[in-house]
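First comes one chain, alone, set out as structure tokens in the form predicted alone.
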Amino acid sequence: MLNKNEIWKLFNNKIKNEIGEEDFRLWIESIKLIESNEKEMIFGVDSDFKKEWIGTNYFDIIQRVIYEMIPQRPKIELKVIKGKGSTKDFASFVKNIKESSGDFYFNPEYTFDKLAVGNFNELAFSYAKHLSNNINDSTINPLFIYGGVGLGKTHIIQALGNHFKGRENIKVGYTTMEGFLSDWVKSINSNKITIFKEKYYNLDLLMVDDIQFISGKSGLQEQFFHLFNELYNRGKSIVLTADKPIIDMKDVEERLVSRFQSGQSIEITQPTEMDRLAIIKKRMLDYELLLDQEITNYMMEHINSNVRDVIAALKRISIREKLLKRKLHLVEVKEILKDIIQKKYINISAVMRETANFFDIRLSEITSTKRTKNVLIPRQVAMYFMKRLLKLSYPAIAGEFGGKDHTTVMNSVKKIDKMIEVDTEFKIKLQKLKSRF
């Protein structure tokens, strides 16, 4: 295991090579390595804005570089530490954080006012707003919000947290499922179960991101089951998010699935072109931007994956214009967004086309009513990838296949999932098809 100084020197060199001298100087050079071991690495930054910017734009790179250096793949965290201080001061700060019984972080950027609402997230937004005014409404408890990566699930539930934050009569808590696991394990290792229970069991509103990570972890499921029951039976509100619907979560105890299904389940779908345009216009106001139509059109055409990429792009443009004290030209925008734009986005047409080519059938047969095996399997595969890769809703997928019933799509996706589990050769074939996308 490398010591902290060696890790830091190697990390800086690798990151600098990855993102370039200028971006490294602006964003990475000032962060500090607070703590490092085989289980976790904690970095300190000096502002909430910098924490969010680094988390949005560079966290994936930081994580990949560290995992290349440290095979144990430690958990990586960014912590805001305002003011200057020594590494020793940082270490004391981290120690205090670890021993705190009730601190939950809510990103001040995530408010209802800053959320762009469209057809893709309107229902989830409405339920969250309703809960903000009716925290004890048992008819929507628990509220389960699911959808693909980067569609704004975290924004919605943290906006709910920010709405209640600071009220003396309401205790709200937010964590990821992995963060909950980390708190639980630390409390056991340090013999501080009481502190853990004080943190979670006294909440009026518990919000947990990425609940799907509970899958296959029996001990964690047991612990969360008891917490869920305790809060639910006392009439406290619970909001959960996941990247998939409840019925698609595997290796989760039936009693937990039953409780997750007892409230309201809402899907956030892929934003349409009109949704993305609304997001761009709203966020331009938030970041004091006035983009030319040419730049807006370029973003609309090339960033169609998720909300997070749209917002990340606008932030980059905003900070660069503030640094240069002038508006950017399209060629400059293309340069600073190239790592976002260069992602190979797939769409419905690509899935249809490549699936038909791979299985050597005509494109028109994919959406036909034929039920011969040579057509039926490719059709089910196309439905599978639309769900698993594009994160489309079952009704939306059904609409692409001549308005079939959405249960047909659900059954098709389940069938392909099962075939992948039991047929290694079929699994390899699908991996080859996926690589074409």
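Note that the coordinates shown come from a computational prediction; the quantities given were computed from them, not determined experimentally. Rigid core: the largest C-alpha set superposing within 1.5 Å between the two forms. The first residue of the shown sequence is 1; numbering continues from there.
The form predicted together with ligand ADP exists for this protein as well; it is not shown, and the discussion that follows is about that form.
Contact here is defined as any heavy atom lying within 4.5 Å of ligand ADP in the model of the complex, and by that definition not a single one of 141, 244 and 266 is a contact residue. Partner proximity in the model of the complex, defined as non-hydrogen atoms within 4.5 angstroms of ligand ADP, places exactly one of 217-225, 200-208, 327-335, 146-154 at the interface: 146-154. Taking the partner from elsewhere, residue 120 is found to have a heavy atom lying within 4.5 Å of ligand ADP in the model of the complex. In the model of the complex, ligand ADP stays beyond 4.5 Å of every heavy atom belonging to residue 353. Ligand ADP is not drawn, but in the model of the complex it has a heavy atom within 4.5 Å of residue 283. Within this chain, residue 196 is remote from the site of ligand ADP in the model of the complex, having no heavy atom within 4.5 Å.
For the options 361, 115, 78, 317, the residue carrying a heavy atom within 4.5 angstroms of ligand ADP in the model of the complex is 115.
Checking 231, 311, 291, 341 against ligand ADP in the model of the complex, a heavy atom within 4.5 Å turns up for just one residue: 311. Annotation: Cα of residue 244 displaced by less than 2 Å between this form and the one not shown, core superposition. Residue 315: CA moves 2 Å or more between this form and the one not shown after rigid-core fitting. In contrast to the form presented, in the model of the complex the C-alpha positions of residue 216 and residue 63 spread farther apart by 3 Å or more. Between residue 139 and residue 396, the Cα distance is greater in the model of the complex than in this structure, by no less than 3 angstroms.
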